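Subsequent text provides structure tokens for two forms of one protein chain, presented individually as structure 1 and structure 2.
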Structure 1
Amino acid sequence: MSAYFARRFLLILPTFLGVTMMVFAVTRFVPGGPVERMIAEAQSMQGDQVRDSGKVGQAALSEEQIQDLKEYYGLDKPVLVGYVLWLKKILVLDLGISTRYNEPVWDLIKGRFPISIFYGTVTMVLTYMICIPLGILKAIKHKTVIDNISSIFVFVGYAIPNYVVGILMLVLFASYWEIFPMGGFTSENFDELSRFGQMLDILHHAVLPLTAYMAGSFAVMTFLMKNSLMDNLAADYVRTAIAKGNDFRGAVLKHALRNSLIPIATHFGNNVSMILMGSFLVETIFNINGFGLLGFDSIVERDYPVVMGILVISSLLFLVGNILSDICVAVVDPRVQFK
């Protein structure tokens, strides 16, 4: 098994190179890059000046200025050469300079880490803490009143997109009833609060966004747990355990539950990789400056250094998360032998 995981770790490098090379090439061939955006902004500003002065202006940027911009952002070189130069910077932890904010990409990303890690970690922990016990209860109480009523709420949460859930809660609980704040991560007087008051303020702002984050994955994890447990409860080894004198509770907890956790374990790595990414729609609705909103804005604004910087982090998390999934499966099910 150790040889299998060693090979998986060795595959991270070629997979990472393939993903980043493909996206890097796409950013070079997609029209409307950062230089074109700057030219358009300069022409817009020149047009306003021409309308104010009534004089005919010259070209917003000369050919030499455009060439200097391309050299500054490394867009004057072939794709392969540019990718190799970018990769050399990545090896020394230099993600480049943002073309929109004119700041180091790492500084922009680093400022979003606490917010994204908070929402991603709490969402994942709450999802597992609620969905696993609820799935077990629904499997044991299959086709009862508890199962039917909980299924209604779970299916409604799954059918409605998380951003729609966020809008509904924002209108009802923040605007109409004014129970929770309209958005943001903290209040304006956050620095003036005590440590305990700061914790309460963060939790007060986090209730509605966390509910919106959990809306989609909640149903998937719950029914995955329920269906997996029901399959194992119908297996021969569970009936044999009961026939040998084990009560139903012991058969569920000691035999069926562990095997039922295998599908949950396979999804663990993917959930880890999604901790930092979040949802740009939810972050936009609640005015949260997280990774999702930063990635969306960087794509819209053609801020390719930020796009590539986020890709580096997200792709590495995804690749490591897949290995974590295999480790979780091996821990849950000792019968699994990776070769």
Structure 2
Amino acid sequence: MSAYFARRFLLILPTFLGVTMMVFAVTRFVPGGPVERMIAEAQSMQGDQVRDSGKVGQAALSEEQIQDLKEYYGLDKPVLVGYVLWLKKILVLDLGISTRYNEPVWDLIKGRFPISIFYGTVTMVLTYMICIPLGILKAIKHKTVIDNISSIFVFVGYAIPNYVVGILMLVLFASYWEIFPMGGFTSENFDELSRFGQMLDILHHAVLPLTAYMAGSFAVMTFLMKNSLMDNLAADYVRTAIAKGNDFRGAVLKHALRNSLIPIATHFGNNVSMILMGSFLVETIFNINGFGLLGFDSIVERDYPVVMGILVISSLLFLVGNILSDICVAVVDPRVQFK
């Protein structure tokens, strides 16, 4: 078993290389990188000067300056060489410098961690806290009123993407009824509030985004719980437990439930990347300065060092998360043998 997981960990490497190389190549072939932007800026600046002095200017930047700039951003080398150089820097944990903010990429990313982790963990905890009991209830009360009514919500939640849920709630609760704020993480007068007031303020801002985040994973998790519990309830060992006179409640909670949690465990590893990455669409809608919004903004602004930095972190988290899921399954279910 440990040999299997060792191999899985080794296989992270080629996948990681493939993913980063692909995105690196795409960012290289795209025009509008940092150098082009600087040329454009210099041109507009010179344009003002020309108007002031009445002289006709030459090209905004000389060939030499452009060359220097390209060298500075490492754009003067062919793609593969550039990639290897970038990789070497990654190995010493240097993610480079943002072309937009001129700050180290790592500092930018680090600044977004608290918000992302807050939303990620709260979403995860709430999802488990609601989905597992709801799934159990739906399994036991299969085809009753409770089951059917909750099914409608779960189905709608499953069908529509979570950012649409976000938009809907934003329109209803923030814009129309004005119960919750339109977005952001804290109010403007956050520093003036008391400790308790600050907590309330964060919660007040968090209700809508959290619901939107949950809408996605909520449905899948509830159905997973319900279906696996129903499969187990139909199994012989539960029938035996009931036949020998166990009460139904005991049979469900003691026997069936434990085995039904196994599929839930397979999902657990994915939380690692979910916690950090969230959904950039939800973050865009509610204007939450998390990880996802940083990634989206840097793509739009063509700040490729940040894009690559986020890609490194997210793909590693995702790959490790997948393996973690398998480990979870192996730990929970002794029948599973990985070879």
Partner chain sequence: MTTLPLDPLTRKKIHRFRSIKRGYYSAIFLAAAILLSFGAELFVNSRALIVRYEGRFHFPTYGSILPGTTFGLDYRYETKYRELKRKFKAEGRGNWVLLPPAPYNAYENDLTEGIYPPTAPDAGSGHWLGTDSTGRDVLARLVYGFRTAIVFSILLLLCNYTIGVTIGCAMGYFGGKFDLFFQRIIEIWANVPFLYIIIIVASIMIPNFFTLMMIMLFFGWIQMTWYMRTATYKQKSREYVLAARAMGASDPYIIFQHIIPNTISIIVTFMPFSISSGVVVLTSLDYLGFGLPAPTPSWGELLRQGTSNLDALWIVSSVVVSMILLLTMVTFVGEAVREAFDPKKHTVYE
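Basically, rigid core = biggest C-alpha set you can superpose within 1.5 Å across the two forms. Note that the coordinates shown come from a computational prediction; the quantities given were computed from them, not determined experimentally. Residue numbering: structure 1 sequence, from 1.
The form predicted alone is represented by structure 1; structure 2 is the other form. Rigid-body motion between the two structures puts a hinge in the chain; from the set Ile90, Phe180, Ile109, Thr186, that hinge position is held by Ile109. Rigid-body analysis of C-alpha superpositions between the two structures gives a rotation of the smaller part of 13 degrees. The Cα position of Gly309 changes by 2.3 Å between the two structures once both are aligned on the rigid core.
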